[in-house]
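Have a look below at one chain only, the form predicted alone, in structure tokens format.
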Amino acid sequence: MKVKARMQCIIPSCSKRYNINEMRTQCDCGNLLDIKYEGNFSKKLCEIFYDRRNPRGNIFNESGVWRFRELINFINEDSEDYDEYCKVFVSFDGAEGRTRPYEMIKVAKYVDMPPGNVFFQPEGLNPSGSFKDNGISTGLTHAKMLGVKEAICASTGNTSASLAMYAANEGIKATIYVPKGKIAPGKLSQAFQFSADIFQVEGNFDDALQVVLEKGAHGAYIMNSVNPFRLEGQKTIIYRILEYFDWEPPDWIVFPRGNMGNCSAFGKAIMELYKWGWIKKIPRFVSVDAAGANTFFKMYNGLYRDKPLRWNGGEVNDKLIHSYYEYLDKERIKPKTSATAIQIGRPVNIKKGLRSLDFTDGISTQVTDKEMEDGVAIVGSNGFDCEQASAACVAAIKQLVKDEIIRKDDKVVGILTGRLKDAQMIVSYRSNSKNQFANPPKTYKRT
């Protein structure tokens, strides 16, 4: 099956189109781009996707990204012609995307929901330890199509780890820009391990990203989530959720906010599947901010100038966004949270994220660092691993159930976006008897 793809401006009043062989992350009008596919896709593909779970020696069928290749076939190669697509597809030996929802009985009790109604998908099971591998595999595929020799990114840790790992495996140079002193050592060590070139930027993630965007304007290949080809891979997180539930969507999908790449990708996946008639129900999204990095929460909920920020058919209130960012600069307000993966004050995918929340009747909420730390601990008590940012969805579900926004008979999926790479965090938490799930080490005296 061949598919014709293009890039297109996300703003309906513009909708300018570009060839997929161009290296760009935004439209001439300054807005971001989507990958668009011509025609409809038959739901009979579900049978093919399921059949590929027996990979028969094909690593791209093992991959939880490329197993769904018809729905992300921007390379326009025959999806059944292995000799053709294997020359271009980037995969870590089929290891990315082997995730699905799990019941976690102790977590369900903690959020006050029946175990069979709340599920969590641990994307930390990906090779580099986070959901980023889903998107890096497709983003680097596009880079490979164009013959790119070097890819760059700004990162709070997980993107750098994923890009460095996949780029090393492909023989592509990875150059990483990180906020100095604001990245977990476990994440930074991965970028070092995989031989990336690392630059430390004075400031926070937003400052590091600005450096990368400036370099992208001069021809560098960017692997941050402004890259629409990267977001195509992150759509497969939704495909795996829906496949698990026989393509019947849950009532809610909950995830940490960050740079809004997942919100954007998830929304695009749902919009496409709804358009093609694969799903009849639209799940509601919950985008979760850390309370110390809650710029989106405040704008979305009208806590700045009493004007809720919305998609508004693509006519987003840019003046409101710029005004709020100017206010942050004037007051010297910087995002501050121990959940460094979502310590992002100016989400670059804000408009795509607004579009996704609009389509899904979604909401934005916030949780505290302490609530996220409790979430990490209770997930660990169930035998799974997640970082603080991931546990934002646990804390949010607990609060939304308490507030009766999520009903106990709803079906809910939370996305645990990455595993814990800051070992000291959980050691400190468990050792402190004041914490809810403390389990300090005991002294053993030999007699």
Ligand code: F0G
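No experiment lies behind these values; they were computed from the predicted model shown. We number the residues from 1 along the sequence you see.
Beyond what is shown, the protein has a form predicted together with this ligand; the following relates to that form.
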Students should find that, of 356, 159, 126, 141, the residue having a non-hydrogen atom no more than 4.5 angstroms from this ligand in the predicted bound form is 159
Taking heavy atoms only, is residue 417 within 4.5 angstroms of this ligand in the predicted bound form? yes
Would residue 135 count as touching this ligand in the predicted bound form under a 4.5 Å heavy atom rule? no
In the predicted bound form, does residue 205 come within 4.5 Å of this ligand, counting heavy atoms only? yes
This ligand contact in the predicted bound form: residue 395, any heavy atom under 4.5 Å: no
Only one of these stretches, 308 to 316, 358 to 366, 257 to 265, 191 to 199, has heavy atoms within 4.5 Å of this ligand in the predicted bound form; which one is it? 257 to 265
Is any part of 317 to 353 within 4.5 angstroms of this ligand in the predicted bound form by a non-hydrogen atom, and which residues would that be? 341, 342, 344
